Every structure is written in C-alpha cells, then in structure tokens.
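As structure tokens, one chain now follows by itself in the form predicted alone.
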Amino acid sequence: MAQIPLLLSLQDLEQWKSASTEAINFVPTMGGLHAGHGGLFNAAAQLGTRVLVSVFVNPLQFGRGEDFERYPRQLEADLQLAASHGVHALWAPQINDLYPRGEAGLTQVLPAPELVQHLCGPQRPTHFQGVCTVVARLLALVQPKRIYLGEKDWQQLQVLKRMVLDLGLPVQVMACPTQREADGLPFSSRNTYLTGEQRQQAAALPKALAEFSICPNPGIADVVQNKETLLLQLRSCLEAAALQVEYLELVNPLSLQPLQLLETPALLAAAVRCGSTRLIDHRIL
C-alpha cells in the first residue's frame, strides 16, 4: 500500500522544508483530485526531489455567482490519490495562512494585460488576478525548484509563465499534457457536476474540437477556407449538442492574440455551458 503523504500545516511546512536538502517539486491544486492531477504528480516525482501538493480552494479566482461554495472538497480522498502517485506531502493551507490581512488588505498580482484580453479573460475579469496572486503567494512560501502546471488550462499556463518571467521568480515552470477521460473530456473537478445525460452532451466538445483541428482533411478541406468558416461550423456542431457556446476563438498559442486567418500554429479554444457547468477545452492546430 502506498504511504499516505504527510498532511502539513503552515508551521509543519517550514519544518518539512528544512528537514532535507532535496529540491521540492510543487503542484498547486484546488483539490477535488483526479487522474489529471495524477499526471502532474507523476511528472513531479523525479529522483532526488520531494513532491509537495497544495490543496486550497482560492476565493480570489471565483467571480460573483460562481461555484466557490460548491467546489469539490474531499481532503481524505485527495490524500489517498496523492499517495498512489508518490506525493511526499500535502499542504492544505487555511485562508489566514495565505491571506493573513484578509482579501481587503492583500497585495494582489495583476496578470499581463494582453494575455487576458481574450478567451476566458472577458468572461471572468478577476479570475486570473486571483490565480496570479495565490500562486505568487504559494511560491513565496514553498520556494520550490519546479512548479508543475497542466496544459488543460492553457491560458492560465501562459499567464503564470509570464508572471514568473516578468517577476524573475526563481522557479522552473513545467507544463504537462492534458489528461483526458475515455470520452475525450479533459479531466476536471467540475466534471462531477454533470449528470449522465449532460455527460453525453459535454463529450461533443472534445469530439468537435478534435475533428476540426485536423485541417485540412477530406471531410472539411473543401469547406474550411478561412477562420470564420471554421468557427461557424464548429459553433453549429456544439449548439446541435445543446451546448451553450460562451466563446470560440482562434489565437496565437503564446501571445493569445486573435489570428485573422486560418494559419498554424494556432490555438483553437472554446468555453461552453452544459447546463450550469462551464467547460473549457482546446486544440493546437
């Protein structure tokens, strides 16, 4: 049986850090751990390093009316999953550990403006500021050698890579491929919100993106002439599956700025609502 990771308090964290000279590989999470997180943990579990996972449902990255109260909280199950992937310690900080002066007295970190002009930025105007703020705080307290982030949240990955670069933070950002379930849906803690029928609807998102990312191919080469045609056809596929499209965009993968023509490399990204559940996915063309 895999050894259950140490469950650390903030005071324990300082002792744990100083107990060894081994470098720390760090995976920040909001809990509700699943196989997608397991892929991050596997990547972080390198010889000669210790793997630390944080579990913190960060209020700063939830907007008004979002699912902060509903977000999965399952610490015992999280410990079991972390154990199965070789995690050495799990830190579940309290809100006062990270924000000792409360949200009103907190110095916050703004993301690079051009990276949040599109995709999820307009729909969630305070989200990436909350992400940058909590990750900067976590990095200051943990002081890891590497931080492991998933490509599933592509925009978040680019925002955090830029933050680390611009602030000169002494950490390597390691990007890990998106992990998918059998039906193609990216692993996400929010997948648990979906009913059985909604799950079938949601599977239309990765299927449509996968089909339209093969460009050109015999099925669509004759009709996909430009960006607008691609996005209109994709929108029709998603709406036919009763998914409410929040955005469909074709952007440069690094700058996240819109592309005027159908060209490569490109990030084809989408956000949809399946019932009340918001889902995101993307493909690199």
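Only a predicted model underlies this, so the values are computations on that prediction, with no experimental measurement involved. Position 1 is the first residue in the sequence shown; the rest follow in order.
Just so you know, the form predicted together with a small molecule exists too; it's not on screen, but the next bit is about it.
* Asked: Exactly one stretch in 235-243, 42-50, 55-63, 248-256 has heavy atoms within 4.5 Å of the small molecule in the predicted bound form; which is it?
  -> Going by heavy atoms within 4.5 Å, the stretch is 55-63.
* Which residue, 194, 134, 163, 92, has a heavy atom that falls within 4.5 Å of the small molecule in the predicted bound form? -> So the residue touching the small molecule in the predicted bound form, by this definition, is 134.
* Pick from 97, 153, 211, 181: which residue has any heavy atom within 4.5 angstroms of the small molecule in the predicted bound form? -> If I apply the 4.5 Å criterion carefully, the residue I get is 153.
* Would residue 32 count as a contact of the small molecule in the predicted bound form, using a 4.5 angstroms cut-off between non-hydrogen atoms? -> Outside the cut-off, so no.
* Using a 4.5 Å heavy atom cut-off, state whether residue 36 contacts the small molecule in the predicted bound form. => No, residue 36 is distant from the partner.
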